[in-house]
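Read the single chain below, which is given as structure tokens and is the form predicted on its own.
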């Protein structure tokens, strides 16, 4: 049986067995936004019990839990479900990637670079992000080193993600403001701006600690 015509670019992309998404764009984006708000709100209010934490540290905990769950659940599903575009049932995670692939068809095409980057992100950076939130709450001595390491990993992955698509100079996003500027640029840009800020902060904290110990010698 012939595959249905997919909405991805280039339209010559071969996706045998493709099944169109059954959830609306508003539903997919709305559920993700609502789930993100719930997670961030829960961590924010839960962290109140740690009176020794500053407001910035509590905000960092929110970020690390949010990004960790995003990496492990969303990106983990993509990595370990190569046939997501064939799903005929309205499975939310499959619908997310069917929709997001309109902004970057390399996901539906299972581009090796994308699968590799997302695999490392889901398996390594996801759990490490949750560990970073725990380290902040517990005031572990490795908290800044871990935050710096994970932030650098996120930055590297995102830079590879952006660089490869522009170096290949191929069609990858469907026409329209939403698919390129919101899905591709804005959503991925978050994982450049925030990790960069956290990385600089952690670098400074580590430098201050090392310098303080050096002066005591």
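Because the structure is a prediction, the values reported are computed rather than measured. Numbering follows the first chain given and starts at 1.
Just so it is clear, the following notes concern the form predicted in complex with another copy of the chain, a form of the same protein that is not shown.
Q: Under a 4.5 Å heavy atom criterion, is residue 125 part of the interface with another copy of the chain in the model of the complex?
A: Contact check for residue 125: yes, within 4.5 Å of another copy of the chain in the model of the complex.
Q: Residue 11: heavy atom within 4.5 Å of another copy of the chain in the model of the complex?
A: No, no contact at 4.5 Å.
Q: Flag residue 206 as yes or no: does it have a non-hydrogen atom within 4.5 angstroms of any non-hydrogen atom of another copy of the chain in the model of the complex?
A: Yes, contact at 4.5 Å.
Q: Does any heavy atom of residue 159 come within 4.5 Å of a heavy atom of another copy of the chain in the model of the complex?
A: Output for residue 159 is yes: heavy atoms within 4.5 Å of another copy of the chain.
Q: Since the chain is shown here on its own, which stretch among 43 to 51, 63 to 71, 151 to 159, 24 to 32 would lie within 4.5 Å of another copy of the chain in the model of the complex, judged by heavy atoms?
A: Heavy-atom contact with the partner occurs in 151 to 159.
Q: Within 4.5 Å, heavy atoms only, which of 142, 134, 80, 92 is in contact with another copy of the chain in the model of the complex?
A: The residue from 142, 134, 80, 92 that makes the contact is 142.
Q: Counting only non-hydrogen atoms and a 4.5 Å cut-off, give the residues of 81 to 119 close to another copy of the chain in the model of the complex.
A: Stretch hits, in order: 112, 113, 115, 116, 117.
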